[in-house]
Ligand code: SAH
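First, one chain by itself: the form predicted alone, in structure tokens.
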């Protein structure tokens, strides 16, 4: 089953026990993947549902629902100050593979990028492709970019952390020891040059705990990937131990 190719579909494509394939999906299945009529693949809706499907021309017949367990035990939101260039593409791709639930791009005082509306569509496409590749049950939600100060007002998670390269703060690994599997987490990572003192103060006032990612100074693209890797490894280790 794990050898079968996966494609993401929209809810509107489902009609009873059939999937109405778009022209792009037909081309991908038939021309790129070289599937023939009668071949099977996996359809995912990005909201937790998987189906085993069989190609039938412009449609696909649903054969059965599938149960998969590839998601992290709790929801993690990454609040990422937009890096320069196309670095955010890598953040979206890698963090989707690692299991992030929500990515919230923010514009900080030191952000150099002014994203266009087309950027959001590109990030959504990258997230969908990465979710397919990594066998995720869910495609992460990617929010529209807003200012960092505005994003602080929207944080409602049980545990909120802001990664800071300077200063004596506990490592993120230590901080998340208190997190339970019924919690939600927000992790904020800064731009090139780091957070300003004012931004750090605003975050602390909003309930964010400053944490370290280690003794080295990480790039703006690297920091969110490292932060999510640390949390995902800790959470999955705890979940595995509990299950055994």
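Residue numbers count along the first chain shown, from 1. Treat the numbers as computed from the prediction; the structure is a model and nothing was measured.
Here the subject shifts to the form predicted together with ligand SAH, a form of this protein not shown in this document.
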>> I need the one stretch from 194-202, 48-56, 64-72, 35-43 whose residues put non-hydrogen atoms within 4.5 angstroms of ligand SAH in the predicted complex.
In response: 194-202
>> Please identify the residue among 113, 157, 165, 146 with any heavy atom within 4.5 Å of ligand SAH in the predicted complex.
In response: 165
> With the partner left out of view, is residue 29 within 4.5 angstroms of ligand SAH in the predicted complex by any non-hydrogen atom?
Replying inline: no
> Is residue 212 close enough to ligand SAH in the predicted complex to count, meaning some heavy atom within 4.5 Å?
Replying inline: yes
> Any of the heavy atoms of residue 218 lying within 4.5 Å of ligand SAH in the predicted complex?
Replying inline: yes
> Looking at the partner-bound form in the predicted complex, is residue 235 within 4.5 Å of ligand SAH by any heavy atom?
Replying inline: no
